[in-house]
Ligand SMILES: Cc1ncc(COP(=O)(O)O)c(C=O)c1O
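Form predicted alone, single chain, as structure tokens, below.
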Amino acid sequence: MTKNLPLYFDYNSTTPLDSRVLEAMIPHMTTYFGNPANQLHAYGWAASLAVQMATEQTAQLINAKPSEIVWNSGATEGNNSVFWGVVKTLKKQNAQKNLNDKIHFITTEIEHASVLKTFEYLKLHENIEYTVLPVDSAGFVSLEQIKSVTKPETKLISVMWVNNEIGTIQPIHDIANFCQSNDIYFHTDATQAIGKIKIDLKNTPIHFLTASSHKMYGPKGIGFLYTRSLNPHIQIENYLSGGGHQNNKRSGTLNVPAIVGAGMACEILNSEFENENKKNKHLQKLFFSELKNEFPNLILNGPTLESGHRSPMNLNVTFPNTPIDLYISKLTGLAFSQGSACHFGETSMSPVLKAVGLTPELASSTLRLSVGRLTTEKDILAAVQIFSAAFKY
């Protein structure tokens, strides 16, 4: 760890840029700086080929076709583009048929704000209806719950693959197959899933998948949207209009260096997946066991480590009767999160912790720790000592 910086345990929030990713990006910020939309000279050709390679690297990681990948600014844009695109498409179809059919969406109460707030906005301004399903104490939503609220007018279901706060891995394969059998669009935000669990989109019939590069050791401000092209072929209205870039799927000049970096990050994950996950699971178990030894009353929120249904990098733990805010000055040697990093500046209780049944008192004593590529056993043992010095007096 860099001198004078805290030990980093906030990989669920963002990851450091892998040095190999940076190395791949630099030539496209200096020598090969062309615009891929200009095919009249070598600079544009080089940029276009670089984007093509990155797209292939990304598609390979999730077993998709390169033509199914569209580059964007990240999962928040991707999520918005799916929901707005679906609504625009459905309303256009209704208008062509002189219909005024209702539009109903389904999601869960532990989704990212870019899902829940967009649904809220679409209800207010586009008159859609939506149902927000509760989760159990480990953060799971069941297929039976989804079936119970599905209506004839249900057009889209959105469920996050891996929760960003408590690490719950949802039964995505089952939900996707249900949607496929009932002609319902299925969307998943896979930002916390990619690189942590195996994703095979040939065998799991997801219609839309979104992700952000900065959660997988790539650059910030770049991500992608996967849209299924066969069985069925999915095509929705554009979210952004302009010069018709990316086969008219998302207009705007491509951020070639960032795309190259995202592609390289995917290639590294693809080649090192088994070893990295084995290491992360070991560190996760070590961290929890050491903390549990030091603090016997420690509570793990979300699925158990042995269940196979938890992200291999995530620990969300409660130190009962220990309000974290009162100890921040003693924890400056650690970088962690008290909730979702996307709710920066908010002091209210995390909606995810509330959804899984934590009281405000327990939530105030809860923090999220996440390990990653640069974490060592030494870091973990040092962190436990910091917690011990802070909380024991």
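Quick note: we count residues from 1 along the sequence shown, nothing fancier. Owing to the predicted nature of the structure, the values given are computational and were not obtained by experimental measurement.
Form predicted together with the named molecule: not shown, discussed below.
The named molecule in the predicted complex comes within 4.5 Å of no heavy atom belonging to S311. Contact between K249 and the named molecule in the predicted complex is not found at the 4.5 Å heavy atom cutoff. Taking the partner from elsewhere, P257 is found to have every heavy atom lying beyond 4.5 Å of the named molecule in the predicted complex. The named molecule is not shown here, and in the predicted complex it never comes within 4.5 Å of any heavy atom of N316. Here the chain stands alone, but in the predicted complex its contact with the named molecule, taken as any heavy atom within 4.5 Å, falls in 76-84 among 283-291, 76-84, 232-240, 302-310. Residues S212, H214, K215 are the members of 202-234 with a non-hydrogen atom no more than 4.5 angstroms from the named molecule in the predicted complex.
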